[in-house]
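There is one chain below, alone, in structure tokens, taken in the form predicted alone.
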Amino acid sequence: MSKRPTVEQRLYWNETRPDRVSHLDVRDPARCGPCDGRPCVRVCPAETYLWEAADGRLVIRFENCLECGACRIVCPHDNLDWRLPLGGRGICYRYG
């Protein structure tokens, strides 16, 4: 019996074609500061969002995005601009 691949292994099989311009943006960075628990950081399976405590800001690594949209659903301030990458860029799922 073979072992099932881990989530990390399955994500590695996908292909990403990142755009040069981010398809993710924070509308008002000041609203992220007092945000309780940073749900966008916790919910993202690809670690697209990173909270820089030293700088007090949210860093977006849009190249990692799996385009699941979970971040915009859990943001309590509706503070994320999320759109699909342009021109066939972004994630290309190998196994649907």
Partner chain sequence: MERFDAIVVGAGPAGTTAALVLARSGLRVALLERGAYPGAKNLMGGVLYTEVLASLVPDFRERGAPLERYVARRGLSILSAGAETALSFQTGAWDAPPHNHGYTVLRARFDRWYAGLAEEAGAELVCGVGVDRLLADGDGTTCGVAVRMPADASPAEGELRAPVVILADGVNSVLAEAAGLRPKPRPGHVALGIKETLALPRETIEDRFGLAGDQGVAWTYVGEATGGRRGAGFLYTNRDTLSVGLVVYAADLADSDVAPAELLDRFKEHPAVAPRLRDAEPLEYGAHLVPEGGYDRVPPLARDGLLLAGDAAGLVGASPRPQGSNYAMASGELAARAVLEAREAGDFSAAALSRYRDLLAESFVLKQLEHHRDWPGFVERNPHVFASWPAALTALVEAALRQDGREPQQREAELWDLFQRRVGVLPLATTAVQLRNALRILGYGKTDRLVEYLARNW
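Keep in mind that what you see is a predicted model, and the values were worked out from it rather than measured. For clarity, a rigid core is taken as the largest C-alpha set superposing within 1.5 Å between two forms. Positions refer to the first chain, counted from 1.
Another form, the form predicted together with its partner chain, is not on view; read the next lines as being about it.
Of the residues given (Gly56, Gly69, Pro29, Pro34), Gly69 alone sits with a heavy atom within 4.5 Å of its partner chain in the predicted bound form. Of the heavy atoms in Cys44, some are within 4.5 Å of its partner chain in the predicted bound form. Along 69-85, residues Gly69, Ala70, Arg72, Ile73, Val74, Cys75, Asp78, Trp82, Leu84, Pro85 each place a heavy atom within 4.5 Å of its partner chain in the predicted bound form. With the core superposed, Leu11 shows a C-alpha displacement of at least 2 Å between this form and the one not shown.
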